[in-house]
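As structure tokens, one chain now follows by itself in the form predicted on its own.
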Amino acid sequence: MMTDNAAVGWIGLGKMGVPMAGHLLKAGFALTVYNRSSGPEVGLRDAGAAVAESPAALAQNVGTIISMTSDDAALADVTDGPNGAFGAAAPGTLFIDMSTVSPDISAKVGARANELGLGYLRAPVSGGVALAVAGTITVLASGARADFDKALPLFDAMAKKSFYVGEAEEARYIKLALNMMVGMTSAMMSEALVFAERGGAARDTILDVMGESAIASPLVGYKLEPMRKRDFSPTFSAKQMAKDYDLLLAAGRNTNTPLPLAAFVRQIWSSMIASGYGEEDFLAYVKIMESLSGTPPEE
């Protein structure tokens, strides 16, 4: 099923953006893509997508634009920058941002979209690269309900479940809350593993029990084998997690919400970065716990 206007523009072709955009192509949407650096667009172009030279050029011929950018500055640039999509988009165009960004920049982008007569939907996602490839991510969307209904065929093409969560920045807060919990799960697993190892238990045994215990979850299960093999290839790096924790701590200050656990865990991301682990998966948190406890890492 496609929207009335099946011409869609996609801005941002990172690890998540490429497979998600690919699902739209497979679903039959006429896709135009743009990425700030060349290279990631090649596979999509070969599969039938058009390639635009700028967000503005992309916006001229589509009725819906989706962005998935790295941070606040990137979102501001691709929307209302010198070659941004907003300057070229026709009134009534729906702009959907699926990035993980601050509620503050999102509100500013939303206000600007409203001034220009554009629809604006916040739609960050839960789930990593593997789920993006499988088309089983979860979408958290807030904005006008009519815009959400319009976007549902797009979400259905690349996600397992889509939630409409409110009319303003609710999706941003829920997304940051989920990432906070993901980071804390890594902290919990790492501290618990080192603690039990220091007590004489074998790593494989500890992980086996974790996977079958009351604390088991999809995330814990997903991370058991990488922890067992000490495979810290980044699905989501410590630097990326640090960025998201900065966003959620700033949002907490803006809403006078105390986040003491998050503030502590954020310091460990700094320690990881300073120790040279910033580009490794956030699961490498365990290395810092091993160092603090004087436990030689198992290689």
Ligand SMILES: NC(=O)c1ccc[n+]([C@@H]2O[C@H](COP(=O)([O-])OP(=O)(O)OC[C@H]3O[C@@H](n4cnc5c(N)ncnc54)[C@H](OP(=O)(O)O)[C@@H]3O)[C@@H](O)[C@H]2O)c1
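Keep in mind the model is a prediction, meaning the values are calculated, not measured. Start at 1 and count along the sequence shown; that's the residue number.
Unshown form predicted in complex with the ligand; subsequent notes refer to it.
Listed residues Ile105, Val129, Ala196, Ala157 were compared with the ligand in the predicted bound form; Val129 is the one with a heavy atom within 4.5 Å. Among Val109, Val125, Met210, Ile96, the residue placing a heavy atom within 4.5 Å of the ligand in the predicted bound form is Val125. Here the marked residues Met16, Thr69 and Phe236 all reach the ligand in the predicted bound form, each with a heavy atom within 4.5 angstroms.
The ligand in the predicted bound form is approached by Asn35, whose closest heavy atom lies within 4.5 angstroms of it. Gln240 belongs to the set of residues with a heavy atom inside 4.5 Å of the ligand in the predicted bound form. Of the heavy atoms in Glu191, none are within 4.5 Å of the ligand in the predicted bound form. Taking non-hydrogen atoms only, Ile206 never approaches the ligand to within 4.5 angstroms in the predicted bound form. Partner contact region in the predicted bound form: 71-79, out of 162-170, 71-79, 85-93, 114-122, criterion any non-hydrogen atom within 4.5 Å of the ligand.
Residues from 174-189 that approach the ligand in the predicted bound form with a non-hydrogen atom within 4.5 Å are limited to Lys175.
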